[in-house]
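Coming up is one lone chain in structure tokens, specifically the form predicted alone.
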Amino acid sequence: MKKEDTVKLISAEGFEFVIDKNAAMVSQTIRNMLTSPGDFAETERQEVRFPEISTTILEKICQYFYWSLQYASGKETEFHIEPELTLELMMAANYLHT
């Protein structure tokens, strides 16, 4: 995968997730950050920092992005969410518009 086809998402703890740009675009918030006109750091570096989202939650969000792409292409599978992550995931999903 070419660097221009990827996006780096960085958690509150500084953990970096390098994912496919198409997967990241599942999130309307990330899409807006990466495609907005102007000299925004996110657009130039193709990386987004999330100081309020923990590594565990951001990892689950990345998994969801890939799952969402598969679901949209017709592959219907379950997306398991651990009960202890539900509240934090809901808050993150609300912020990310996913």
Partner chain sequence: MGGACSRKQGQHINEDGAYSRLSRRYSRNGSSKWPGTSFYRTTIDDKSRIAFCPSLMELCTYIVCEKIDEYESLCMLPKDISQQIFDELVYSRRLNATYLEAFRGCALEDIDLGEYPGVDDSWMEVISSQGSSLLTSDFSGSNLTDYALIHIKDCDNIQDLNFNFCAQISDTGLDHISGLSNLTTLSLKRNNSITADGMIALSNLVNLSKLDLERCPLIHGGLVHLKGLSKLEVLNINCCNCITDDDMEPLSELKNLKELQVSSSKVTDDGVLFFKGLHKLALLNMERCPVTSACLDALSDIVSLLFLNLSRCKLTDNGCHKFSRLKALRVLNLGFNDISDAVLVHLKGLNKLESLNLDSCRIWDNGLINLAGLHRLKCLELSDTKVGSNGLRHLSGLVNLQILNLSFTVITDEGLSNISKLSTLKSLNLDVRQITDAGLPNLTSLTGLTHLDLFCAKITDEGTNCLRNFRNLRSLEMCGGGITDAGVKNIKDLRSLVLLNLSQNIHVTDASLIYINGLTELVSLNLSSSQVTGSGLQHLKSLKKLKSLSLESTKVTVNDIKQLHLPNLVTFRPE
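Keep in mind that this is a model prediction, so the values were computed, not measured. Residue numbers count along the first chain shown, from 1.
The following text describes the form predicted in complex with the partner chain, which does not appear among the structures shown.
Enquirer: In the predicted bound form, does residue 79 come within 4.5 Å of the partner chain, counting heavy atoms only?
Expert: Yes, residue 79 lies within 4.5 Å of the partner chain in the predicted bound form.
Enquirer: Using a 4.5 Å heavy atom cut-off, state whether residue 83 contacts the partner chain in the predicted bound form.
Expert: Yes, residue 83 lies within 4.5 Å of the partner chain in the predicted bound form.
Enquirer: So in the predicted bound form, is the partner chain close enough to residue 89 to count as touching (4.5 Å, heavy atoms)?
Expert: Because a heavy atom of residue 89 falls inside 4.5 Å of the partner chain in the predicted bound form, the answer is yes.
Enquirer: Going through 55-85 from first to last, which residues have a non-hydrogen atom within 4.5 Å of the partner chain in the predicted bound form?
Expert: Sequence-ordered list: 61, 64, 67, 68, 71, 79, 81, 83.
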